[in-house]
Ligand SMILES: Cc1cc2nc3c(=O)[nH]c(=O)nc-3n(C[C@H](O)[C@H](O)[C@H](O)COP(=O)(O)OP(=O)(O)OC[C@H]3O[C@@H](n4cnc5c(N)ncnc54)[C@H](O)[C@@H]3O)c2cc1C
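Just the one chain here, laid out as structure tokens, in the form predicted alone.
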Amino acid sequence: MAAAVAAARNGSRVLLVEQYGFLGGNATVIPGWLGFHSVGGERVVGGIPLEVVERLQGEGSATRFERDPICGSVVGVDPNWWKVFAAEWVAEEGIAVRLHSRVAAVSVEEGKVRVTLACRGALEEAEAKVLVDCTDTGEAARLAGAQLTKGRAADGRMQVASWAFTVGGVEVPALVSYLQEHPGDARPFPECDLGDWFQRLPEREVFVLGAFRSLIRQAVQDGLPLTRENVPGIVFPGREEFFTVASRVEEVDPGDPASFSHGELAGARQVRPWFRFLREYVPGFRNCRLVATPHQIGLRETNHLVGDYLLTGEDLLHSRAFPDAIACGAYHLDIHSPDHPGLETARPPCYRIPYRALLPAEVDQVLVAGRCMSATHEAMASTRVIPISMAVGQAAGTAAALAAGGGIPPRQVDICRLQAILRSQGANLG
């Protein structure tokens, strides 16, 4: 969405191809967006992602930003209104759309990209000057000839996937009382200074949890087949709802039909024991009900582009300066490990993302934005969240417009000009 809007606003004719029957991607499932701010309170993401939130806030479809001592901040976004807004947004920006469509073939010849789209058995040919791949697997870039790797470098294993769900009817005062009385059971990082987080819970419009470790241990002893040592999720007091990614499914590969199908169904089957756990063990959930399930299992990691630059966890932790910076982030390295039922994490300062990480090493006319850009397992654990992915998307769409307008490959885009345009359109480059 951010790439398409940015390209259109910078003078390009844009065709947005979407595999589902609606626009908005993972944000139509995830009601809490993390990553706009650093732990210190500095806003590190602006531009189109911030514009979206502010417009949704203006119509009552998003909460205010709430500070968080681990995630930096969280803002609640109503997924249903985001889906409606997305449909209105592409019309407003004059973007052509193909729904229920996937890229079946790509060829790059003489500065042009020829794409075959497949929609329910019907094939459609499209020609473009630049292709921006924002898929969750890098599949369009791969069809164009880009190289990809899978998972972490040592063994190819990926972060676990989750079949997210939301429950309603949560008695939030009872939940808050429990968290305040059992602070060690509230967040997964006991060494973190939570400050006045507990005291301010009653007044928050939205807050993040990684909770109930002692209750999980008791439930497992009682025979419940729970797959994590804590319950990650987001509480919405005004709606009396709790969104959670508690389910844990290993090695889901969307490039393998059997693996993808197994992962989807295994994730769905984990909902019932987690729902039972919430009802029977957690204060405030005794009358909860299931109110939302996803259109797809949540994949935290699949493929990584082999790009002109490989962004690493060390780059993030040391806030490495890049002359071609096109976006910033500060979200913690949030690794849902394939090795154990817990998390691995590190907290970077504000970091920069280089344009070269969007460029396939051996392919012209193609940019890769979002989760599959050229970043390691560790770096992607931070850059994968919605606001940062959208910021990278805005940069990719802007660069695509400059390349198309100038009749040059994206690799030849003038970086200073790209950065100046991004800054003028609200992006933060550090």
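For clarity, every value in this text was computed on a predicted model and none was experimentally measured. One rule holds for the numbers: they count along the sequence shown, beginning at 1.
Same protein, other form: the form predicted together with the named molecule, not shown, and the subject of what follows.
When you look in the predicted bound form, the only residue of V39, L56, L402, I386 with a non-hydrogen atom within 4.5 Å of the named molecule is I386.
Note on the partner interface in the predicted bound form: the residue among C328, I95, L201, V103 having a heavy atom within 4.5 angstroms of the named molecule is V103. Mapping the unseen interface onto this chain, H377 falls outside it, with no heavy atom inside 4.5 Å of the named molecule in the predicted bound form. Taking the partner from elsewhere, T63 is found to have every heavy atom lying beyond 4.5 Å of the named molecule in the predicted bound form.
In the predicted bound form, D78 stays away from the named molecule, with no heavy atom inside 4.5 Å. Contact annotation for G151: none of its heavy atoms lies within 4.5 Å of the named molecule in the predicted bound form.
Comparing 168-176, 210-218, 128-136, 106-114 against the named molecule in the predicted bound form, the single stretch with non-hydrogen atoms within 4.5 angstroms of it is 128-136. The three marked residues, A144, H304 and Y309, fail to reach the named molecule in the predicted bound form, with no heavy atom of any inside 4.5 Å.
In the predicted bound form, V17, E18, Q19, Y20, G25, N26, A27, I30, G32, W33, L34 are the residues of 16-40 with at least one heavy atom within 4.5 Å of the named molecule, listed from first to last.
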